[in-house]
Each structure stands twice: as C-alpha cells, then as structure tokens.
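Listed next as structure tokens is one chain, alone, in the form predicted on its own.
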C-alpha cells in the first residue's frame, strides 16, 4: 500500500507536527494572493502574513536569485547589502531607533531583544500578556502562552491579563487602559519584591494573538509610563502588525502612539525568505554588544539582505500601506453587513481583521468558528481562528489583496455561515 504524505511526514518529522485544517492542504504553487494544491485546486490566501507582498512576487524572486548567483556569505566579511538595508529600514522609524541586528527568525529576534533589556538593566524579570505568542527559544517560550514550558514558568516571568473587546479589563472599555496599567504595576512590584528585578515588557502593539481587541486612542499611555518609571524597557514585537499591515502607519506602535526601546521584526520582512531583525537605539545596542559575544552565521547574509530590501521596494512602489488601509475599510464595512445570530463583533486594523462569535447563551462559539474555518477551506478560502477562546475568525491576507478578492472571500463566508450548524 502506498504511503500517504501525512504518513511519510510523521515517519520523517515525528508526531504532532502542526498542520492547518482537518484535511491538511498539500500546496505546490503560489502567486500573489492565490495558492494551488497538488490536485490543482485554487485557494484565496486570507491568512498568510509571511508572503507579505504576495506569494512569489517576481521582484523579490529576482533579487534573491541574482544575489544567490553572485555572493552569499556571513557578516564577518564586509558587504554593502546589510548596511544599505539597515539604513533603509531604520529610516522607516520616526524616532531614535537607528541600529539593527539581523537574524533568521522572529523567535531569535525576541530572544535577542530580551537579552538587550537584561544587558541595559542588569535585571532578569519580564512581563507579557497571558494570551500571546512571541516565539520558541528557551527564553522566549517563557513569555509564550500556548503551552507552559517544561517545569513551569520561571520566577522571573509575570503574565498579565490581556485586553479584550467584549470582556474588557475592569469591566469598561473606556478605563481598560488604566486597568491594564494596574496589572503591569502589580507585576513590576512583585518582581522587585522577590529580588528578581524588572528588565522590561514584551508586547505586540496590536495584541494580534490576543484577538486584536479594539483599543481606544492612548490605550498604552499609562502602561508605558509605569514601565519607564520602573526602569524597564519596552520591546515591541512587530512581526504581525509591522511593515504597513496596520494601514495607517508602517508600524503598529506608531498607530498606538508611543516609541518603544526595541522593535523586533520577522516573517513578512523577507516575503518568505527566513530573515528577521532587532532594531534599537545605539545605547541599547552598545550594552548588548558589551554583555554578549553575539554572532549569527546566516543573519544579515547578502541574499537575506537582498530579499528584505526587495520587499521594501514593493511596499513603496506598489503603495501597499495605503492599499492595506483602503481594502481594510472596505472589508470591514462589508463584514458589518453580514447577518448571523452568533455574530457579536467585527473589528480590525488594516489587513488584520475578523469577526467574533458567541452562542445564544453568551459563551464563546469556539467549535462553531472551527467549523466555519473548515467550511471556508472547502470553498477555496484559507483563514483561521484566534483569541483566548479561538472564537474569532482571523483574516490576515497578503498586502496585495484587492477588493474583488475580498468580495470573493466574503461571498464564501456568507454562504458558509448559512450551512454551518449552530
């Protein structure tokens, strides 16, 4: 009997390697916002933020190919590519972040960012929310809440309740920022009382994994004040909201209205090429370089720098930040028109939006949302679920998506909602 691809996968990769969907999709080709499986079935990709400027964008492919055919080595030799890219990248920040470490993954970036905070403060305590993901190194897994680390969370880690749209901290959306600040202050005090000390807080400025809650202007202002007053650093994980996805700005922290000490970047940075970065101030970088003898063989290699630079070319040349804003406004307006008895909220920021569902008893309709996701796959649209209870549809397409593709997706969603049982 012929071995299936899933059986072969288990034999070669081991058990429990995650896949999407009850019947995993076997992909063989991508172009723009579209993907094709091994049977020739076409899917609209409304989930993948790795292919930020579209799958297999010809400009990025050309840049990678030409550089790979010319030179690829590491940064202990000199090359202009990494310098040209970091100069362009830091020029996208409106405040004092002017230096960078280039690495391969967002996990590495967050690991380095946390060590930067340790080097600056001499402390080891960190705060994150209780419903998030920032990566999977030994250090970063301590602040990623999908599964607890072996042996439990370190005494140097405090997880505070994440903000929420339907169940705001303190019971009121208008005062949720103050409640969030109080939770952070309590965590800082606890770390200090236990002798651990407070190094910093790691957060996504759009709280993407927390379910991208709707937040009022200045939501983080009070939190920023108490973190800074305690001598801690603010690490902004821009892996999901960064590079124009929020539509109104290049970075999620700009939309929220504050300047972090360190920014981490990942997935969309190279449009699928494994490249990531940590961007910070010179004083923070100097402390890190003094405390750690850090080198990354593949980080900042010429091919990675070429891929990342080509992504900037496309975002700028195709006006994708504005496209994110325009298409998002259109999509959310159309989603507001969809009627369903479980639908309780439509929200989003740029090309990261979704719809939350609760059942007739007011409970998160988590199973229902999973069924909707599966039905959408059958109808040729890939999306997923997110949030503490995974009862919110997560729609996060490449930035090149246009209104006709949004119409296709939402027509499929309207049809799916009519057939998925309550």
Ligand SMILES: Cc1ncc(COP(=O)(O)O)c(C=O)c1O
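Small disclaimer: the values here were computed from a predicted structure and weren't measured. Positions refer to the first chain, counted from 1.
There is also a form predicted together with the named molecule; it is not shown, and the following applies to it.
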Worksheet entry | Contact residue in the model of the complex, from 212, 288, 180, 133 (heavy atom within 4.5 Å of the named molecule) | 133
Response to the item:
None of 176, 107, 75, 323 but one has a heavy atom within 4.5 Å of the named molecule in the model of the complex; the exception is 107
Item to complete: Among 232-240, 249-257, 158-166, 184-192, mark the stretch whose residues have heavy atoms within 4.5 Å of the named molecule in the model of the complex.
Response: 232-240
Worksheet entry | Partner contact for residue 267 in the model of the complex: the named molecule, 4.5 angstroms, heavy atom | yes
Practice prompt. Determine the residues of 389-422 with a heavy atom within 4.5 Å of the named molecule in the model of the complex and present them in sequence order; the list may be empty.
Written response: none
